[in-house]
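What follows is one chain in structure tokens, specifically the form predicted on its own.
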Amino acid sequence: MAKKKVIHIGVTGLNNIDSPGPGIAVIRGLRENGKYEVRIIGLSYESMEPGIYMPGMADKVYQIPYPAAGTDALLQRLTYIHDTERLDLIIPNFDAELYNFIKLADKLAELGIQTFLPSLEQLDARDKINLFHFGKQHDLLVPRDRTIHQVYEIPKVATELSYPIVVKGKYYEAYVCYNYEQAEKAFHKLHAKWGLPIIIQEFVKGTEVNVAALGDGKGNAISIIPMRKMYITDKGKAWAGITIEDDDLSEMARKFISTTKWKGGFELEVMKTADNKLYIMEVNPRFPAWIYLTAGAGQNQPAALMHMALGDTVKPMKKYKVGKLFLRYAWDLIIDVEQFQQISAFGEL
């Protein structure tokens, strides 16, 4: 039996906590690709990210600088890691880090490190700040919204949109607010955590559904998996969900890919109203934390992205299993303090 080629892949998003990053789910998908043996190089930001220490996930872990440090600091660190690990591919999994990785894509390619990411123009177009305009431009339903920088702007916006309103952070988190006091509290909380601006969005009543999808950068949909959340945490994160059959939802994702020529993975957060209208609430420009469900349903999106990034031919996947359910659970991971000290002190484990 021929030995499989080993592919070295850097993966971020190892914070497998109550508001999990996608990294662990991506790694699980990559390890089930069937063609290559993968060596996973975890890229962490903090020493307490559980994915650093989880058995069978990352073969080696390096800390990398926070996105605010800029592209030069990131490139310097990735070059050091590459000199040791000979990376073939990096899959970033956080919204806030994508800007730096996209800007560095050409330089990383010169080093022999592939990525499979949208362009900066695509990234900006689907930003929460630009989402309503994006919807009008591409004939997609998006709730009305306003961008604010001061808390005193809330009453005026609330009058325009009517309570309840949805107060959203620049990168993550959202709160449904039924009065000014709730909106003010949400504003300050999100401002402190994610900075400005804050987005105030029209509230749309309905059933929340999601789509994980993968585009090839040429307008073709490689994979589309719709999912309905079955249990949601107080932070709005899906703790359980089930694959569903919804032709309208799938067609919306296909239209998004064809009009934007999206390259890479993304998630549509959609509200389906009682009269079956589909409103895009957010477009997350990377794999969601529940992406391993796509592998369970028969369309392994992380593996497909890896293959495309490496130049392999990947045909669009049509069939998937409806009724596949994921359920997250908490697990106490016991580690030695020496492991924590090593990653904290030396930035490697």
Partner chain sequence: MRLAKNIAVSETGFLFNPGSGDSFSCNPVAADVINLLKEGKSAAQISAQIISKYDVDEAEFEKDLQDFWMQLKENNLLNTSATK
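Just so we're clear, the structure is a prediction, and the values are computed from it rather than from any experiment. Positions refer to the first chain, counted from 1.
Just so it is clear, the following notes concern the form predicted in complex with its partner chain, a form of the same protein that is not shown.
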Query - Contact stretch among 167-175, 263-271, 127-135, 244-252 - heavy atom within 4.5 Å of its partner chain in the predicted bound form - result: 244-252
Requested in this report: Give a yes/no on whether Val322 approaches its partner chain to within 4.5 Å in the predicted bound form, heavy atoms considered.
Outcome: yes
Query raised in the report: Hey, in the predicted bound form, does His191 get a heavy atom within 4.5 angstroms of its partner chain?
Result: no
Query raised in the report: Quick one: does Lys237 come within 4.5 Å of its partner chain in the predicted bound form, counting heavy atoms only?
Result: no
Query raised in the report: At the 4.5 Å heavy atom threshold, is Arg77 in contact with its partner chain in the predicted bound form?
Result: no
Query raised in the report: Which one of Arg228, His82, Lys103, Arg146 is close to its partner chain in the predicted bound form, taking close to mean a heavy atom within 4.5 Å?
Result: Arg228
